[in-house]
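Only one chain is given next, in structure tokens, and it is the form predicted on its own.
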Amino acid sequence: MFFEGSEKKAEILVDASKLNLLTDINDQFWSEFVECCHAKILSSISNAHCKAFLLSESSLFVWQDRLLILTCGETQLVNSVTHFIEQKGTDAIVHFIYQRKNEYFAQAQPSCFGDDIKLLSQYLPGKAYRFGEMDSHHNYVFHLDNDFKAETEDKTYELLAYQISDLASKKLTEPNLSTLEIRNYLAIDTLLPGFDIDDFVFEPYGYSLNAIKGEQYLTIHVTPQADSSYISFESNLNLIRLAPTILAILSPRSFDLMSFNEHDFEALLADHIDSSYISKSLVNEQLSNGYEVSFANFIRPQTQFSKPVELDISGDNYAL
């Protein structure tokens, strides 16, 4: 069974004095917002600073002055963004960022990054970048081109793990796994002490977790199937410092790290990434919106030849 775990991501920043996303918008709107990209809300948790919605395809986080939504599978996240703009206008929007990474089977997606930004550009003028090599892991970023300048301490991190170890894949595809068993296996109590947790185990495979503590958040999405395994971590916690624990558990063949405004990116990589991994790509750019964006792709060199995979020619065309 194949599932495209790679996420699309959008972040909308607003002037909360004009539109407070926590108090001026009800849950019915967020439900409609999510449904526009062909996902649905499964559950939610909240505190005084943030409301976190667990989705059928990834997550939505809402603060007073910003929202962050990630969706995977064959969702069309761009449709949720345009719905928000059409319903709430652009007067309160301070800034906007849209991201999309390379997929396992891009041809199965209903749109590509180019299609998405052509649509978004009808509403918001912007600039687009590619971080990483075209023939390897890469991440596209589109942002609103205005006079916005990000605060230096506005930091976020992404860790994206591919081809996790056979041991991790077998554990995370065991039948009848509970949320507690997966939390224990992923060392959630160690990674996230004191956080409120909302998580869900999908059938037959897959796991999602939202965690919040004050204004801090972390979300994890697990696609554990051996032929297309992918696990993502997104947070305003420093995931580079947490990487040793994560990598020791998952032992992926490759992973990406991406950060917004982590000015010590390279030094942190040197301190926290195991020497068994080598850097295949390292990109850094100061964007006109004030964000310093850094991207690195790491691989673990293989010492044995892999075997060819026999394909089911009667199966889905996207897998051929």
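All values derive from a computational prediction rather than experimental measurement. Each residue number is its position in the shown sequence, starting from 1.
The next section is about a form of this same protein that is not shown, the form predicted in complex with a further copy of the same chain.
Proximity to a further copy of the same chain in the predicted bound form, defined as a heavy atom within 4.5 Å, singles out one entry of F113, F233, Y205, Y98, which is F113. Distance criterion of 4.5 Å from any heavy atom to a further copy of the same chain in the predicted bound form singles out M134 from the list M134, L167, A248, L180.
The stretch that touches a further copy of the same chain in the predicted bound form, counting heavy atoms within 4.5 Å, is 101-109, out of 75-83, 193-201, 101-109, 238-246.
Proximity of E35 to a further copy of the same chain in the predicted bound form falls outside the 4.5 Å heavy atom cutoff. Taking non-hydrogen atoms only, D227 approaches a further copy of the same chain to within 4.5 angstroms in the predicted bound form. Proximity of K155 to a further copy of the same chain in the predicted bound form falls outside the 4.5 Å heavy atom cutoff. Although the partner is absent here, F142 lies within 4.5 Å of a further copy of the same chain in the predicted bound form, judged by heavy atoms. No residue in the set L54, F61 and P252 has a non-hydrogen atom no more than 4.5 Å from a further copy of the same chain in the predicted bound form.
Of all the residues from 260-299, those having a non-hydrogen atom no more than 4.5 Å from a further copy of the same chain in the predicted bound form are F265, E266, L269, I278, S279, K280, S281, L282, V283, N284, E285, F295, I299.
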